[in-house]
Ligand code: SOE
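Encoded as structure tokens, the following chain is the form predicted alone, with no partner shown.
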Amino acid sequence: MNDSINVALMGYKFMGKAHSNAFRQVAHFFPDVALHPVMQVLCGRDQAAVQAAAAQFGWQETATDWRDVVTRPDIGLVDVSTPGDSHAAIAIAAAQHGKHVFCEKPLANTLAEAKAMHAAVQEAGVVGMVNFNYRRVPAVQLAKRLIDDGRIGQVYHWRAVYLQDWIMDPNFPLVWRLQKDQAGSGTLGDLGAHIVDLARMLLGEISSVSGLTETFIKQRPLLAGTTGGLGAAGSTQMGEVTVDDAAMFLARFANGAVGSFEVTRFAKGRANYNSFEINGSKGSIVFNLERMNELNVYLDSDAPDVRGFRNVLATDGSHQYISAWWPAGHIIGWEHTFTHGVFDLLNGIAAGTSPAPTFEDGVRCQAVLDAVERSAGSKQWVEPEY
């Protein structure tokens, strides 16, 4: 039987649910995983809610204060799936107590926090990994292989968008994702971090950026139960939106390629549209998360009479991670990317190495986001402060 590691998960809502499923499934579908995760503690501030989530997701214990959990000698891995304002405190304390750390993206709310987190895991000698789950889509792994093998030649262009529409209603309340002190930024950190990480993984470092940000709805109703949420005669009180609703930026890559990035929560009809196109001297690649099992590929090496974009279904055993799942053509889903990440994380812990994306990758992504914000303020090209 594989060795085991006790896991503590901080946060039990959207990401907590996805991470819980990954820990629960990984050993069942990846029998060669080096460590068997024991779902020991689920932590959240609302005792009743966290107990209900633990029962639903399969955690053995609950806690309401992360400070008590990170000091426990029986915990080997701390998974940080909370809002961004607590990432740094939890991750740094966990590392200082000798725990390996798995952290949701973006790594932190600020570049300074991200650098402190990276320093903490380095000083402690523990594994630190960031959950940029879209790296672990098999079709994205295929894209990387085609680029690394030189099959699309020298890369000239990167263009990426991540489009959603879930806050377009002006009556949508002022949730934590719309408050800078909790979220760090809006679409830039929430969605932009994903496509920046994919760009870095596939093309390499970004050397300079020129960006703009915009907030379309600047005030929203306060949540029910929030202090000041109701005024005289029950009238709704409004609060200021302190993050961006949309962001766009141009980028130059260290390898000479140029790129464009666009993220928004105001693209009507787009629920979770994460797409990129890469153009090289010998071919092109197109990916769309809403068709995540597919990669569109154009190669000059094809015979002229059949040359054109082909739709590759990345679901057979030659594609990364797929052999653990179903026969060819039996597609996988969004949740599987989390299981793939947990598989690599646990094998990395067993080997004593941090799998990519490491906390250093998290810092470098944060440096690009920081540069975009500075560029939007100065209206000039800005270099990331790696």
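From 1 onward, residues are counted along the sequence shown. Since we're looking at a predicted model, the values are computed, not measured.
As for the form predicted together with alpha-L-sorbopyranose (SOE), it is not shown, yet the points below apply to it.
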Partner-free chain; cross-checking alpha-L-sorbopyranose (SOE) in the predicted complex, the single residue of 249, 287, 102, 162 with a heavy atom within 4.5 Å is 162
Report the residue, out of 242, 272, 237, 182, that has at least one non-hydrogen atom within 4.5 angstroms of alpha-L-sorbopyranose (SOE) in the predicted complex.
-> 272
Heavy atom distance at most 4.5 Å to alpha-L-sorbopyranose (SOE) in the predicted complex, all of 144, 147 and 253 | no
Might residue 297 be said to contact alpha-L-sorbopyranose (SOE) in the predicted complex, defining contact as any heavy atom within 4.5 Å?
-> no
Closest heavy atom of residue 134 to alpha-L-sorbopyranose (SOE) in the predicted complex, within 4.5 Å or not?
-> yes
Taking heavy atoms only, is residue 200 within 4.5 angstroms of alpha-L-sorbopyranose (SOE) in the predicted complex?
-> no
Should residue 190 be classed as touching alpha-L-sorbopyranose (SOE) in the predicted complex when contacts are defined as heavy atoms within 4.5 Å?
-> yes
Contact segment among 214-222, 94-102, 162-170, 304-312, judged by heavy atoms lying within 4.5 Å of alpha-L-sorbopyranose (SOE) in the predicted complex | 162-170
In the predicted complex: members of 17-43 within 4.5 Å of alpha-L-sorbopyranose (SOE), any heavy atom | none
